[in-house]
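One chain is shown next in structure tokens, namely the form predicted alone.
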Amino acid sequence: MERMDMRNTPAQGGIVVGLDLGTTKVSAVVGEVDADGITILGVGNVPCRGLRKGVVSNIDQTVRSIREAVDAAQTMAGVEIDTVYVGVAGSHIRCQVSDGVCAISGREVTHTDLERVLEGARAIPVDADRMILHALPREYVVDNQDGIHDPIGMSGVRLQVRVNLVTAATSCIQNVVRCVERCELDVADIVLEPLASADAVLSEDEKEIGVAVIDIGGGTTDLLLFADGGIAHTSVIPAGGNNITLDVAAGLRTPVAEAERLKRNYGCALGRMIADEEEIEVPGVGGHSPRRVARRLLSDIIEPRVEEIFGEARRRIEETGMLEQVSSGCVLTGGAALMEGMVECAQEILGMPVRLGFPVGVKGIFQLVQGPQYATGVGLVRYGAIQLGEQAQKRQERHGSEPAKQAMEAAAGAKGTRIWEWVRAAF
């Protein structure tokens, strides 16, 4: 069951590791779950050149980056990592609506019933080369009462659910799993990255009122819409921070690595925010000497691409007919969101309040993850904590006398087994 609600965080202890596979970086975040919440123990963050637009393009380079990130995280945390929750994204992600129904025969709804009704919603034909990642509930219906977000404990005869099914290309998921496996790690679950990012940066009030999350990664930009407390839409825009970098490299005739440095240090999404007299030094290509240019020129290259990304996001929101329902505005996450002027540019184009999304709800060395670029890693840890807690609750429903610690350990093992069976069965 894919519900992102920290009210379900388990009280039992456990180590959860989130692995964010991005186009430009791989991040590993280690968290410890206890009765007081989630404590960040360690973080590993390394560059990655093995993915393109969120899809594995070079297995060896991806494996190397994963291993380095995990080694750094477990050294800092002082724990041994053997299981991870892996985030995936990319233009191969699709979303569609489905319904499920099951009989509850007048008794109270349990976690097992929710699992049954979600399995019913999953039971629809999908293309042979695709697989279902998530069944995200939009609302439940108990008999004729609709608009229910959490039916646990309610009584009725029939339970229905309307969900957003998130599907992914089977080969892309297989390559991700193989990379993780070659690092001698087990995959506890595969998670949609913008789903994890949203959970790390949004409040319950924002989800209830309506909010848009725009996660600007290196290769793609992910759009997620919340309404009435649940996920109403998700889509992927095939452009991100790397497109801006390539524009800068071509426009200023400078190496890509230098273009990335200039973008990070001097880039601005709104040219009018820059003083006319500001200048920057641009390294040359092929032995040409560096030259000084107006910083406004760099902004003039960046601004059209940023406007294109936010313009496409607005168009997709309008297509869903939910522009008026996004009442609390938009939250930006991802490393590219840190560039100067991004919030102001987004506000102009989207026509709504915009803020940067910083991970919340964690403690420990949280200073290391206090940035929009770490929203996915922290969200994966939160997701893993919820999954372990829900599995433990279901075990207790079936075996009330079983100690809570044994329930969590069994749940973690069962989750890891199911993900491997699921991936292998697809091939």
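One rule holds for the numbers: they count along the sequence shown, beginning at 1. As the structure is a computational prediction, the values presented were derived from the model and not from experiment.
Only in words, not in the display: the form predicted in complex with a small molecule, which the text now covers.
A heavy atom within 4.5 Å of the small molecule in the model of the complex is found for exactly one of G156, G210, G100, G219: G219. This chain lacks the partner; the member of N242, S299, T254, S235 within 4.5 angstroms of the small molecule in the model of the complex by a non-hydrogen atom is N242. The candidate site formed by E206, R382 and Q387 is entirely out of contact with the small molecule in the model of the complex, as no residue has a non-hydrogen atom within 4.5 angstroms of it. Of the candidate stretches 319-327, 262-270, 157-165, 109-117, only 262-270 has residues with heavy atoms within 4.5 Å of the small molecule in the model of the complex.
Taking the partner from elsewhere, P137 is found to have every heavy atom lying beyond 4.5 Å of the small molecule in the model of the complex. By the criterion of a heavy atom within 4.5 Å, G22 is counted among the residues contacting the small molecule in the model of the complex. By the criterion of a heavy atom within 4.5 Å, L338 is counted among the residues contacting the small molecule in the model of the complex. Contact annotation: D199 falls outside 4.5 Å of the small molecule in the model of the complex, judged by heavy atom distances.
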